[in-house]
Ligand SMILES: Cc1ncc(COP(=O)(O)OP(=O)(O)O)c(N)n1
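Read the single chain below, which is given as structure tokens and is the form predicted alone.
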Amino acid sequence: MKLRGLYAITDSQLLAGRFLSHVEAALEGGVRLLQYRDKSDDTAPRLREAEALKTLCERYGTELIINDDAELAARLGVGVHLGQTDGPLTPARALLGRQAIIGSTCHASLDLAQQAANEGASYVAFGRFFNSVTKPGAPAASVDLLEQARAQVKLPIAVIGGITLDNAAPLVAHGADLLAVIHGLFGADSAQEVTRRARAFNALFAC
């Protein structure tokens, strides 16, 4: 399975009142991976939302990834994305099986990326590349790092952090396989605009 294209990440506050409609609009535009990112501790609503997203993703042939919660991912039979504070990947790989997609946040560190690869990651994520609303204090990453990672890490590379249609093209040109986008996709005023943006992000990979 080739991990390449738009990687949409949900934001509960940004999508309040239009969660499923905007997510479906993004899927309509051709999302490769969809990450369900919800930092609340409210288990029942999170499960309901994640189940609804799984149904949508299955309809559109998109892979669903759960942020930071390997147990929820296992319950739904989907993938997981783990940050550096979530512990090693090895237990998640044992829990989810060999076929599951497991991503790892590597900030701006090639060493973390190599460690993630050794622990069985499916892809590594670098960022932030631009000023990010979601993680304003995250360490900055550069296109030079991207080129080094491309040469050293034999895994798909996701990039994240303030990515928009105006600044994404150089990242793809320097080796990004997945553009992880939150506000640059879901910050649109209408579902139609979300779909248009999704298609435009994916078109960058066709060049």
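In case it trips you up, residue 1 is the first one in the sequence shown, and so on. All figures in this text were calculated on a predicted structure; none of them were measured in a lab.
Omitted here: the form predicted together with the ligand. The next part is about that form.
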| property | result |
| --- | --- |
| 4.5 angstroms heavy atom contact with the ligand in the model of the complex for Ser122 | no |
| Partner proximity in the model of the complex: Ala180 to the ligand, non-hydrogen atom cutoff 4.5 Å | yes |
| In the model of the complex, Arg37 touching the ligand (heavy atom, 4.5 Å) | yes |
| Contact test in the model of the complex: Ala198 vs the ligand, heavy atoms, 4.5 Å | no |
| Location of the ligand contact in the model of the complex, chosen stretch of 147-155, 169-177, 22-30, 60-68 [non-hydrogen atom, 4.5 Å] | 60-68 |
| Sequence-ordered residues of 91-124 touching the ligand in the model of the complex, heavy atom within 4.5 Å | Thr105, His107, Tyr123 |
